[in-house]
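This document starts with one chain, in the form predicted alone, laid out as structure tokens.
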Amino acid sequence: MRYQLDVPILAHERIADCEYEMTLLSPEIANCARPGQFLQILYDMTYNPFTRRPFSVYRVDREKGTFSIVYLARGVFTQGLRNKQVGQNLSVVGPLGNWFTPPDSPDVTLILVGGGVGAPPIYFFASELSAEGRADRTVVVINGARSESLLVGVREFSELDIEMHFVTDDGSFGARGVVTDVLLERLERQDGPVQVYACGPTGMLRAVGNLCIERDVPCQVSVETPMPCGLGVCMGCVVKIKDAASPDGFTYQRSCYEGPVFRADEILWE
């Protein structure tokens, strides 16, 4: 189910340098949102901003009918979003796109990899899996960023009943390095089937995907692309998907409609 609603802002907090979490009230969206889906948001009805922007769903409380997003206030749009106050409304369309899907088999270890502001859908997925409380399923999260101040959800992730790893480029929090360092080490000592899920910058997704393809590990990635409409109309968010039947060896699919979650082995990275 997809909605277009004006929803009230319940909380708006700075959680790190230029990083904010905004909590909104909408039982309709909270009840049907799934990990990996996104929202198209417009904070003002003037010509600037001209189009909506996509934001992943971060935290959901279905009992209270709330959900939240995380964003970095760096550009014109997010600076305008930062100026919104508690009690004001946002125009929201969503939830949109497909979502992460766990395997049917209960004995598969799930490794979730997040990078920077790609962490929100990973947290949403991890929290849903943790809430299931299944003793027959191991959930591992690797959350990385350039530095401690850019890590999303440190406290929230740490409160989940999962195996948790933090990694930063500069070593300011957790292990020093990049997420693929920790992922490789975890895969090498893994005993039994495993499946990987990732969301983050394109370079990170490519590296995670290639690592999994080399080891024949199933991997789903949520791509980050510009989405001018978010409804599959404008074709501004297409990605190349391998297609042996096509003369070019690939076809274009819309990350806002067929995605944003794709199998890593079907994407033709550029």
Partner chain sequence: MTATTRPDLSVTLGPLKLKNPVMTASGTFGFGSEWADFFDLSRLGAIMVKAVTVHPRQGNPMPRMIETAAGMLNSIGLQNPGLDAFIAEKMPYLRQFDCPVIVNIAADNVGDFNTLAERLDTVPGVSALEVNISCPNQACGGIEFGVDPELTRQVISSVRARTRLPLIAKLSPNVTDITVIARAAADGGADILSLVNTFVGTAIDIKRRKFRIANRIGGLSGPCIKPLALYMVWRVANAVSLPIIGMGGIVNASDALEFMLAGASAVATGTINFVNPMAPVEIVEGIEQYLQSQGIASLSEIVGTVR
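Numbering follows the first chain given and starts at 1. These numbers come from a predicted model, not from an experiment.
The same protein also exists as the form predicted in complex with its partner chain; that form is not shown, yet it is the one meant from here on.
Using a 4.5 angstroms heavy atom cutoff to its partner chain in the predicted complex, none of 166, 175 and 178 count as contacting. Heavy atoms of residue 269 never reach within 4.5 Å of its partner chain in the predicted complex, leaving it off the interface.
Its partner chain in the predicted complex is approached by residue 2, whose closest heavy atom lies within 4.5 angstroms of it. Using a 4.5 angstroms limit between non-hydrogen atoms, residue 59 is distant from its partner chain in the predicted complex. In the predicted complex, its partner chain sits within 4.5 Å of a heavy atom belonging to residue 53. Figure note: of the listed segments 31 to 39, 61 to 69, 200 to 208, 241 to 249, the one touching its partner chain in the predicted complex, with heavy atoms no more than 4.5 Å away, is 241 to 249. Residue in contact with its partner chain in the predicted complex (any heavy atom within 4.5 Å), chosen from 90, 110, 160, 93: 93. Looking at 232 to 270, the residues that come within 4.5 Å of its partner chain in the predicted complex, counting any heavy atom, are 232, 233, 234, 235, 236, 237, 238, 246, 248, 250, 251, 252, 254, 257.
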